[in-house]
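The form predicted on its own is given below as one chain in structure tokens.
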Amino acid sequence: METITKVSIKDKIISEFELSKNSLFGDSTIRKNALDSFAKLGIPGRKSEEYKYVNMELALKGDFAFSSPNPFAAQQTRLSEGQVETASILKTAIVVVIENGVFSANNSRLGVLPKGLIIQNISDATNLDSFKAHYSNYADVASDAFIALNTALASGGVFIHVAKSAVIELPIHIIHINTCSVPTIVNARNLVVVEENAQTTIVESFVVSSNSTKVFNNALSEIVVAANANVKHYKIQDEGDVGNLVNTTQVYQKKQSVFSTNNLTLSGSLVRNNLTIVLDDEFIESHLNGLYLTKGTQVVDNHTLVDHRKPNCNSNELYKGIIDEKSAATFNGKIYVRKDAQKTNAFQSNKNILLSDDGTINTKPQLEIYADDVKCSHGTSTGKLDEDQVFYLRARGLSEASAKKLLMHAFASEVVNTVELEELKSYLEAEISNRFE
């Protein structure tokens, strides 16, 4: 009698590392340490406090391949110029295409880069001093299995460096698109370093490919914001019904810097966002805004951590969700104020609308404060559409559907209005309107 032995996804990942370790970019010691952490942590299950509302084991169930360190060596890119054009949200931008986790120079539209800006395949940046000084310094492999997995098996991504005092007028649009023909685990890795007094805007979008192949996208970005720098960061997640995304962003800020981020989730079978911002100097500003629109059986899980380490800093956080049908959403936000972080101002708010009795929202705003001279607040609210407001609008000639659409659009607009790129704002407003038709 033949015995069939099932190999766990954890064992597959460890085996893949052994097969590909000699062809992966970067420091082999960093990768080995990351694999050891992954082997110790394993794929988090329902018993894990941080992942108890998302079934990561189910998302990784099945026979997955792994994105090759060089998927274009054996075959040309599957992306057509038309697909890139369709995925380009911004008509005027520096476009960086990440296909199956790897920087695609052929499909990117870099043109002549402005003075002070470097954009290149992350695997080609390993000898640069700015890369060595920052790579894998902020994403802790011991803290999260997916950080460890990405650090061990990252196949590519982009390195962006903005030189001291450089002002990059055009937004940099990073498009993550998957064209895998078989179910695949993709580990894209990005490093963004913005030096002192520099300014830039980065838009990341995760879009569905032309096929319906299941992809597990484990993307990780480290963003360094030096003293007096100003960075605006936007993430648009729209991977359709087959996308499974774990998106980790680690931000490190220095004195008098300003970092603003907007995370907008429009679709995806499972979306997990891990956002950590470390304020490691004085007079820093951080702004976190998020909007998630869920339907069907979609699961969206947002986890944020704002770590105030030094005094005289401000952070503001607003996340809003609209949950429909049998979908589920989670918001878990923590503000951590350390003993030395006196004169901290930190505010956090999470608001949700449930459109269905079958929808689920789990929300947990948290404050952990060890300083005594601070102004901090957090709050959450969840409910259905206000029937009195619906009645008021219907009394003025609107249909019930139109009244509800108007109210939902107004609810979402508080987040959308924080978007400063007019072209991006118009795109989001159109997408939201289509969702509520």
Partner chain sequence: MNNTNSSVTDIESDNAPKGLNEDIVRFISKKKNEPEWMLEYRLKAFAYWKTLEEPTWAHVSYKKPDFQDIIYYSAPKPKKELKSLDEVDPELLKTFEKLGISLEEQKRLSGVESRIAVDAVIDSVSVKTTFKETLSEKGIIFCSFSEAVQEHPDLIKKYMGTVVPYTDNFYAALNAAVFSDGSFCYIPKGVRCPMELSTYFRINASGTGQFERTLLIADEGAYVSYLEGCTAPMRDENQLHAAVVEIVTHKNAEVKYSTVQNWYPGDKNGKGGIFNFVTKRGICLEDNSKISWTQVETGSAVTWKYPSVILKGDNSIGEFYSVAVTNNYQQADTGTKMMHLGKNTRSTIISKGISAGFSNNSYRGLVRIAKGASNARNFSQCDSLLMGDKCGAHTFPYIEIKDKTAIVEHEATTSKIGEDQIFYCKQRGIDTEKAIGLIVNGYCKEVLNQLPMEFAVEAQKLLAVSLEGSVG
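Positions refer to the first chain, counted from 1. Just so it is clear, the model here is predicted, and its values are computed rather than measured.
As for the form predicted together with the partner chain, it is not shown, yet the points below apply to it.
**106, 342, 143, 137 - the one with a heavy atom within 4.5 Å of the partner chain in the predicted complex** = Only one listed residue qualifies here, and that residue is 342.
**Message:** Counting any non-hydrogen atom inside 4.5 Å, which residue from 118, 367, 182, 133 sits next to the partner chain in the predicted complex?
**Reply:** Only one option qualifies, and that one is 367.
**Message:** Given a 4.5 Å cut-off on heavy atoms, tell me which of 406 to 414, 52 to 60, 31 to 39, 392 to 400 is the interface stretch with the partner chain in the predicted complex.
**Reply:** Only one stretch qualifies here: 52 to 60.
**Item:** residue 171 within 4.5 Å of the partner chain in the predicted complex, heavy atoms
**Value:** Although the partner chain is absent here, residue 171 would stay clear of it in the predicted complex, with no heavy atoms inside 4.5 Å.
**Message:** Considering non-hydrogen atoms and a 4.5 Å limit, does the partner chain approach residue 361 in the predicted complex?
**Reply:** Residue-level check for residue 361: yes, a contact with the partner chain.
**Message:** Against the partner chain in the predicted complex, would residue 48 count as a contact residue? Criterion: heavy atoms within 4.5 Å.
**Reply:** No, no contact at 4.5 Å.
**Message:** With the partner left out here, check for me: in the predicted complex, does some heavy atom of residue 372 sit within 4.5 Å of the partner chain?
**Reply:** Yes, contact at 4.5 Å.
**Request:** Using the arrangement in the predicted complex, list in sequence order the residues of 375 to 402 with any heavy atom within 4.5 angstroms of the partner chain.
**Result:** Heavy-atom contacts to the partner chain in the predicted complex: 375, 376, 377, 378, 379, 380, 381, 382, 383, 384.
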